[in-house]
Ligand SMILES: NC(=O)c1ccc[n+]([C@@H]2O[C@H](COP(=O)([O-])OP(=O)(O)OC[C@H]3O[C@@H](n4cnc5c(N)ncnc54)[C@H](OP(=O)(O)O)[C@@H]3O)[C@@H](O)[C@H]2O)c1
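Take a look at this single chain in structure tokens; it is the form predicted alone.
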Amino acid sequence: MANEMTYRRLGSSGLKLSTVSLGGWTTYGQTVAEQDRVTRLIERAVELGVNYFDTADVYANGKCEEVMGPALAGAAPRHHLVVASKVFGKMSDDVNDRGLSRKHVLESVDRSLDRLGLDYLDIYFAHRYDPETTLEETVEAFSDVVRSGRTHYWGTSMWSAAQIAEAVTFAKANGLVAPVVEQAEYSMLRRERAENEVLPVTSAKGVGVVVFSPLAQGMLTGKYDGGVPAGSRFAEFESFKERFFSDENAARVRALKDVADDLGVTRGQLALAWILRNSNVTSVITGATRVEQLEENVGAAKLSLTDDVLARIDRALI
């Protein structure tokens, strides 16, 4: 397959990400634990033009970072890669080994770097908003992580629009480093929060957006048209099934098949291209357990949707 990748700036920063990226949530170090398999997937991703790789300390309690690190090291020179991790979730029973206190942020970035085998991250995310730590403490801690060279940029994940705006305003008013990206959930089946709340504010503030669960944990690929097969993600993760699997959603996904077939693409590619129609989205974070899945996802990068196609999609999603 020829390189199908496209790239976009991350908000108002100068950093460019592949519009389709690869993440390790619920897969690497967990359902895909074999190092050679993770390495093959990441090496193929780089060949296809993927430059952004996403993980978090809490994914498989550190094991995701541990298997992605060696794979990234052998896939490309470090300056070709954009590597992100996250901090917030509980990593042990210690009372301070969670949240966004200065102590936890500064200690956790070093632990993530050790697990990944890297000297620095490109993006370090505040994985959730911490109501037990003042915004001022959190912004100052991440600003110090950037200025220490342990990450180039920092961002937020699943913060409210008001919290993102306040963080940017506080940082700029106090000579600190402002967040440059929000990682938000966004898909055809979960669009209201991103479209109505997050994207208007991030666009106004020059904050980029990267998207997780763009395929609604596989629901939008059509793999659940006939129910929940054994061994599937919905069979293994009840919370995902409860969130996305319903008769109504199954009908919506089946209705998208004709649209995708007419374009000669898969429903997964259609769903990714639908998100990327929005120029304020920098990248869609996809998962892959097989090279074929990865290649299919990358095929969405250069897929453009006409107004007529978008109208058909809207009718299917009603």
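Just count from 1 along the sequence shown to find any residue number. The model shown is predicted, which means the values in this text are computed figures rather than measured ones.
The form predicted in complex with the named molecule exists for this protein as well; it is not shown, and the discussion that follows is about that form.
In plain terms, the part of the chain that comes close to the named molecule in the predicted bound form, with a heavy atom within 4.5 Å, is 207-215 out of 94-102, 170-178, 143-151, 207-215. The three residues G11, E195 and T202 each lack any heavy atom within 4.5 Å of the named molecule in the predicted bound form. A heavy atom within 4.5 Å of the named molecule in the predicted bound form is found for one listed residue only; from R191, R111, R78, R128, this is R128. Of the residues given (T27, N280, T39, N51), T27 alone sits with a heavy atom within 4.5 Å of the named molecule in the predicted bound form. Though the partner is left out of this view, N249 does not reach within 4.5 Å of the named molecule in the predicted bound form, counting heavy atoms only. Contact check for R115: every heavy atom lies farther than 4.5 Å from the named molecule in the predicted bound form. Residue contact with the named molecule in the predicted bound form: I285 places a heavy atom within 4.5 Å of it. Taking non-hydrogen atoms only, T19 never approaches the named molecule to within 4.5 angstroms in the predicted bound form. Using a 4.5 Å cut-off on any heavy atom, the one residue of 150-175 that reaches the named molecule in the predicted bound form is S157.
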